[in-house]
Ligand code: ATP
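A lone chain, given as structure tokens: the form predicted on its own.
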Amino acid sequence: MWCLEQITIAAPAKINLSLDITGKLENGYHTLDTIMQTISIEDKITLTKTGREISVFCDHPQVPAGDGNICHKAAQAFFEKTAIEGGVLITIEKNIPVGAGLAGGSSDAAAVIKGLNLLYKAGLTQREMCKIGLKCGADVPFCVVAGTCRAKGIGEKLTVLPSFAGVYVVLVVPDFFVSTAWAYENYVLDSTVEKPRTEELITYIRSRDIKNTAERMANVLESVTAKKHPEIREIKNDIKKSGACGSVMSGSGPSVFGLFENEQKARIAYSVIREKYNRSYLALTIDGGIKQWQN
């Protein structure tokens, strides 16, 4: 009987179409109300069965190997949950920019959980995989579900929204790093920052109204990150001038993206933007599900 020994699956990046901070818990975590969307920039995660060891390899200099990687934590949590006496070699092909507010690490961890579920035929439900993911990080449950979701709590309370796939995105990643912890710690909860109109945004997502969706995108953490790094405002303006319907920072930054009504406008904008910004990307919004390669 043929037995699966190796699997390679995609770990797509995410962007925040909106991000609001609604409170702070005693444990230091902030509560959110955010709309997250997966996009077509993706890492490749290859999982190979081993004895009982968990090992992680990535040739990207900014990605830790071994037990310092979130993927190691995800694999460990999977084996503890399922009581499977197994191991895995995790090989990460890194394409998502590191430390850019695109949930690259969280998506890799989610891919490990989903991949191990297939590799070891564990039969875990999506809800069970989300619970494992939450032990690894607040964004991991969303990355397990993927697609278009509204997330509340610390990110674990997910509502799947109608598909917003197939929308063109131009993304810019500035050449500086932003600490997620720093951004949240410096946000003032009672500030007069303009809040996202989330319900309104969801209405336009449902009707696939790209223009009105883009015009209503908002991220309260821009009040922190863009204050320290005014380049973020400059990038937003450049993306809008290039023809985007709207532009916003993703997560805690520093990535900035814009949404476009069609492919032609997006490609023209991308050709202009990449002349000024070295790390520029043209992408599409995508649905959830597991994208798998043959090994």
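From a predicted model like this one, the values you see are computed outputs, not experimental measurements. Heads up: residue numbers just count along the shown sequence, starting at 1.
Heads up, the form predicted in complex with the named molecule isn't pictured, but that's what we're talking about next.
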Heavy atoms within 4.5 Å of the named molecule in the predicted bound form: which stretch among 152-160, 167-175, 101-109, 124-132? 101-109
At 4.5 angstroms, heavy atoms only, are Gly243, Ile273 and Leu282 all close to the named molecule in the predicted bound form? no
I'd like to know if Asn262 sits close to the named molecule in the predicted bound form, meaning any non-hydrogen atom pair within 4.5 angstroms. no
Heavy atom to heavy atom, is Cys71 within 4.5 Å of the named molecule in the predicted bound form? yes
Please determine whether Val63 contacts the named molecule in the predicted bound form, using a 4.5 Å cut-off between heavy atoms. yes
Thr180 versus the named molecule, in the predicted bound form: is there a non-hydrogen atom within 4.5 Å? yes
Assert contact residue (the named molecule, in the predicted bound form, non-hydrogen atom within 4.5 Å, options Pro196, Gly147, Gly86, Pro97) equals Pro97
The named molecule in the predicted bound form has a heavy atom of only one listed residue within 4.5 Å, and of Leu201, Ile92, Leu116, Val220 that residue is Ile92
